[in-house]
Every structure is written in structure tokens, then in C-alpha cells.
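Quick heads-up: it's one chain on its own, the form predicted on its own, in C-alpha cells.
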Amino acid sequence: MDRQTAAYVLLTWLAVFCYVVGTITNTVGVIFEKKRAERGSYGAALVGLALHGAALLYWWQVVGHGPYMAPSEVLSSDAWITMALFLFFLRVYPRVKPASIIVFPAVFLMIALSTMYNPGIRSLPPTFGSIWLVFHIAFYKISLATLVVALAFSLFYLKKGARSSAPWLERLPEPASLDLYAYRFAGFGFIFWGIAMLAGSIWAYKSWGRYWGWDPVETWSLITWLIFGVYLHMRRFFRLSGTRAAWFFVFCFVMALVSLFVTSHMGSSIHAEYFK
């Protein structure tokens, strides 16, 4: 391992350590109602976020492109944006706090998975240096972060409606509020997903002279966006709510994961460099 890669890996592992501490203390704080531990978990997450951000910026400088191509870069930057947005939401919208019990482990899982891949240094074609590609990918990552928060509230709703729920679940907001929060964050995810597709179309037009190519990644991304649209439409106009809405959202979230992490392996296309 060369010196630059070693520095990147070291910073990443330091961030992983902070996220592990944050995840454990947050779980203890939420489940056993230990306010001090819960507050401490946010401090550990902030330190981890700073170290993690430094690792990503350093690697960006080393490889000459953003953290959005190799699996280690994609998962690591997804984890960073998810944690950064959650802490932002927590600051401006404190009611999102219970979602930490899902968001923290999700962030830890993504960055832990990223360490299992060799970072490597890739030489990308000039078209991958477009600012529209940066917008395209950044909005998908923001969308994923908001969808993770929506998933947390959907799962809380399902667990709270179970016959025997844990005592800590009883301290969560009422089911109607959980249902509403899931709906709102799903709406954010839908909007950002649509903007990401639009930015990608502009990038494709400027690079290859066409807006859309119907490759597996583009097709599945459109299908996923339409399914999220059906979910929101059903909620808004057909009063879909409660357990059926929560399960519908879980299905939408699985579709989003397939679109983001699986479809690039389905064939050769302009997205062939992504996540391989």
C-alpha cells in the first residue's frame, strides 16, 4: 500500500471508530433513555464526520475526481452525506431525533462496507469531469440520505403497530406523526431524485449530444422515481396511510437501493465505470 492510500485508509478508520462509538452510545441513549449518552453520540458523530470529510477531500485531491466512481468512494461518500444531512435536519427539525437509531447504523454499515474494497486510483475519461456529473451524483446522494430518514420512520410505524413493542418505542411520537414524517421525507427524496435525473440528462447531452439512452441505470432510475411518484400520489389523493403506506415505502426504498448499487452491473453503458 502506498503512502497516499495508507493516509486515506487511516483517516477512514478513525472515522469508523468515531461512528462505532456514536452508534453504540446512541443506541444505549435512545433505548435506555440516557440523555447524556444520546448527546455524547452526536458529538462522536460530529468528530467522525470531520475526519471522514477530511479523508474524502484528501482522496479527491489524490485521484483527481470526486468520490463517486469506485465502490469504496461511492459507499464512503453516501455515508458522509447521510450523516451530514441527518445532523443538519436534527439542528433545524429536532423531531427527527428518533431516526438516529436507524441512521447511525446505516452510516456505519456503509462506511464499513467501503473499507472492504480496494480504493485504487482510476483514470476517467474527460466527460466524467463535467460539473453536471457532480450535480447529478450529489443529488442522488442527498436523495438517498432523506430516504434513509423516511425509512426509519416507516419502520418505527410498523414496529410500534406490532402487538408487543419494546418500551423505548412507546416513547416515540404517536403513529400518526411517524406516518407524516415518513411521508414528508419521502417527498424530499422524490424531489432530489428527480433533480438528479435532470442533471444527468444535461450531462449526457453536453457529453454525447443526447439526453437519454435507456441503459439499465437510467431505466431503473426512472422506474424507481415513478414508483415513488405513485406512492406520493396514493398518499395525497387516495389517502393511503398507516401500515400499507409504510410497507409501500419499504418496497420503494429497496427499489432505490437496486437502482443505485445493482443496475450498473447489468451491462455496458456510459455508467459502466460507476460502482465497479
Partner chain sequence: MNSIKRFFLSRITVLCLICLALAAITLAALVPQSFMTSPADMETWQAAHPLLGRWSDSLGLHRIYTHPGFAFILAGVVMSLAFSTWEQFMKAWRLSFARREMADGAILRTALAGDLATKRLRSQGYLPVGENAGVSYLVRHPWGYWGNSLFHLGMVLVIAASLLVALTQQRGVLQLGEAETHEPTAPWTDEEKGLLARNFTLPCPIRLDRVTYSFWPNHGVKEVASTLTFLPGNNVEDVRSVHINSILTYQGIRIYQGMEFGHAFYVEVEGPGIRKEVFQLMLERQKAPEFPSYNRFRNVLGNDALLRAKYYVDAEKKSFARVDPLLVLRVDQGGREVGQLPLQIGGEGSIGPYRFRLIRFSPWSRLIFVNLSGMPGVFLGFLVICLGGIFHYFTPPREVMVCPCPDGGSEIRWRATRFATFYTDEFAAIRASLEAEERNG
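Everything numeric here is computed off the predicted structure, so don't read it as measured data. Residue numbers count along the first chain shown, from 1.
Although not depicted, the form predicted in complex with the partner chain is the subject of the following passage.
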Evaluate G187 for contact with the partner chain in the predicted bound form, applying a 4.5 angstroms cut-off between non-hydrogen atoms, and reply yes or no.
-> yes
Partner proximity in the predicted bound form: K159 to the partner chain, non-hydrogen atom cutoff 4.5 Å | no
Does S207 reach the partner chain in the predicted bound form, with heavy atoms at most 4.5 Å apart?
-> yes
Using 4.5 Å between non-hydrogen atoms, is Y211 touching the partner chain in the predicted bound form?
-> yes
With the partner left out here, if you bring back the partner chain in the predicted bound form, are R95, P125 and W225 all within 4.5 Å of it by some heavy atom?
-> yes
Have a look at 25-33, 38-46, 52-60, 227-235 and name the one stretch with heavy atoms inside 4.5 Å of the partner chain in the predicted bound form.
-> 227-235
L198, L87, V134, L109: which sits within 4.5 Å of the partner chain in the predicted bound form by any heavy atom?
-> L198
